[in-house]
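So this first bit is one chain, no partners, the form predicted alone, shown in structure tokens.
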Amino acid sequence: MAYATIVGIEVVYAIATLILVSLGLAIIFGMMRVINLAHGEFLVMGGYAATIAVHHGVNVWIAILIVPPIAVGLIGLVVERAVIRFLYGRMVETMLASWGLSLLIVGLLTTIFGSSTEGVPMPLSGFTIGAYQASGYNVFVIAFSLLTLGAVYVLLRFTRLGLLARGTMQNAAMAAALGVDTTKVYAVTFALGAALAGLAGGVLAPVAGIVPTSGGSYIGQAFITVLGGGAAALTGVTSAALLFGSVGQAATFATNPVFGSVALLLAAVVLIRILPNGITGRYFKGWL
């Protein structure tokens, strides 16, 4: 029973991690149809923001929950105003521009911090279940991912900003004709996606080493989850994370982490082969 509980916690933790990593991309790609290949680097910048804050004596909870989304959200706003705003509707050019941005960010981070691994102290201790030790911080990540998912749902569903964002992404010309400043809506929406990526990087900083090139591992997981989820941003991310996280973690426990990653990739290939439009392209139509 104790072992089954530990396995259950780890499976749910894998699902929660996929949700956190993919949520920002679901806003930027799922809603805005912008292929942001710098998404992984946004997460890494969030991790470095948390690290810098901790090194300067900031409380660890403020460092991982407050500083990263603010810092990366502001960077995302600058990126949208300086680069992305000129490329809406041009997916190939946006992909190339964001790829170049990711290379620039990796180069800058390497120049500033070097190639050594940075980290944030674990703010919570573990606890015992039977003969096994579980991570208290993993449980926090599970709870926080659910809270973040719920907060984003409320923001997009029940606030004026969410209404304007959804309306603009569906029909920008009609929104503009009704008096909506679509340029501001695009900027705020992109900044929100970047802030969520930074938040994920900060939250995961205590459990994952931070190096300038670690964004590559994040971007692959995020795109697989968002593509597997389909058109509905939040419902798609949640359903795809449930599937891929369960398959990947189950395979990890049965074999090792390498085969767990392979199993996750195979599950994504099979899903997209069966459901080319993703889970919400077939089910949950009309959901957010």
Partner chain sequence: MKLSRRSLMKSGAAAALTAALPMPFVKSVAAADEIVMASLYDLSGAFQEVGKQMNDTLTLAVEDINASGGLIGKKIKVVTYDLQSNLQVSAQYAQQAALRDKVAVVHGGISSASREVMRPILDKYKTLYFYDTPYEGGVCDRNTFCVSTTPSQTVAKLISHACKTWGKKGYILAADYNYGQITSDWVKKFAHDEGGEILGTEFFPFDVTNFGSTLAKIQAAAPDWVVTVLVGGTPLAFYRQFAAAGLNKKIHVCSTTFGSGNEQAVLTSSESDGIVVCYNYMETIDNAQNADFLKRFHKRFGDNYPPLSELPMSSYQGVQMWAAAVRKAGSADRMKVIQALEGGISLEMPSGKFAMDGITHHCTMDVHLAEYKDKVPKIIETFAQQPPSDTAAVCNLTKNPNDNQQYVIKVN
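All values derive from a computational prediction rather than experimental measurement. Residue numbers count along the first chain shown, from 1.
What follows is about the form predicted together with its partner chain, which we do not show.
- The stretch among 122-130, 194-202, 81-89, 151-159 whose residues place heavy atoms within 4.5 Å of its partner chain in the predicted complex is 122-130.
- Of the listed positions (139, 172, 208, 188), a single one reaches within 4.5 angstroms of its partner chain by any non-hydrogen atom in the predicted complex, namely 208.
- Contact between residue 6 and its partner chain in the predicted complex is found at the 4.5 Å heavy atom cutoff.
- Under a 4.5 angstroms non-hydrogen atom cutoff, its partner chain in the predicted complex lacks residue 61 among its neighbouring residues.
- In the predicted complex, at least one heavy atom of residue 258 sits within 4.5 Å of a heavy atom of its partner chain.
- Looking at residue 114, you'd find a heavy atom of it within 4.5 angstroms of its partner chain in the predicted complex.
- Heavy atoms closer than or equal to 4.5 Å to its partner chain in the predicted complex belong, across 232-255, to the residues 249, 252, 253, 255, ordered by sequence position.
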